[in-house]
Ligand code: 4AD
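First, one chain by itself: the form predicted on its own, in structure tokens.
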């Protein structure tokens, strides 16, 4: 990160020990002891303690610091000194403090606040150490996603947000007026990614997706981010290998670069260190049998709900790949299993510790006649999918892909209970502000 002339970011203080530097940020905490003020200053990259001795500052500044409200903005100039007891291992011996703005009384105090209050003040809650840690992990997850795909020759080909039709089911669409016609906010970029893969071979799209699900559970947002790789000439076995390699890489990168944030969150890091290949793989039939062994009433042919996913995943110490679900509970574009036409060549990845599905993928149907049958069976408008059917008319090939939800993955890695903490400004059934 580049600072202005004379400014040093807190994360870089280790390179400036013994030098006089200026740190610009916000007052996170303070305590006073007669002739000394101890200021905890944060700048977005870290927190440093500034020791302000009365004799080193003008009288008026020293007096103001004793009353300065939290989250006031300021800059501190001082000698950077090694201090093993301090956060980050360094502190500033202040020789000057400039106050940019004395904040009004800060609404988020040290007392316990309810979730509703914190969500109403989400724009301020982001400044807390816990939220800061979660969202820095999220940012590292995103970087790892892009690094993995970019380094393996995938081309980023983002799909449109406005779409003319459903991809994952017509009951969860957000309709919008599009110059007098009805369009929808995208549920998934997959169909367009398939078209891009027929041009570029290996692609991914990455962006926000929208589901109008009337659900208030901790696992649901109406707007969330998803990465969707798609690969030409990839079949089911190769898809499972790709998913395993991808998840293991993302977790490893977070462990390498964001261990400090995971410690702030009191995450049991040993659980993440187990996320190495190979992952357990079980069929839908085996998953149903496991549920029955655990005393869960479940009828073959249904989709797994959150309690079912929790029971399945708690049996394993790392993500489990559940493959070959009944086709009747899956999307129209999935290829059928040649060994059992009742099943789709698909996979869901269930994260351990009850976090549920973080990946859904499949081998795509490549036969034109089959897709036409499925579009009719699902009562979808053929005209809307004409361009998609063209992919099966002009050089159709076996191909497969998957989607990974960034917020669910971040929640699992961080060990936080609700997705609302894993995106800066969550959108939920009854939440559209701030």
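Everything numeric here is computed off the predicted structure, so don't read it as measured data. Positions refer to the first chain, counted from 1.
The next section is about a form of this same protein that is not shown, the form predicted in complex with this ligand.
Among heavy atoms of residue 360, some come within 4.5 Å of this ligand in the model of the complex. Taking the partner from the other structure, this ligand in the model of the complex has no heavy atom within 4.5 Å of any heavy atom of residue 46.
In the model of the complex, at least one heavy atom of residue 224 sits within 4.5 Å of this ligand.
The shortest heavy atom separation between residue 138 and this ligand in the model of the complex exceeds 4.5 Å. Only one of 297 to 305, 226 to 234, 71 to 79, 98 to 106 lies within 4.5 Å of this ligand in the model of the complex by heavy atoms, and it is 226 to 234.
This chain is drawn without this ligand; in the model of the complex, the residue among 188, 253, 131, 310 with a heavy atom within 4.5 Å of it is 188.
Checking 392, 42, 37, 408 against this ligand in the model of the complex, a heavy atom within 4.5 Å turns up for just one residue: 408. Contact residues in stretch 323 to 337 (any heavy atom within 4.5 Å of this ligand, taken in the model of the complex) are limited to 333.
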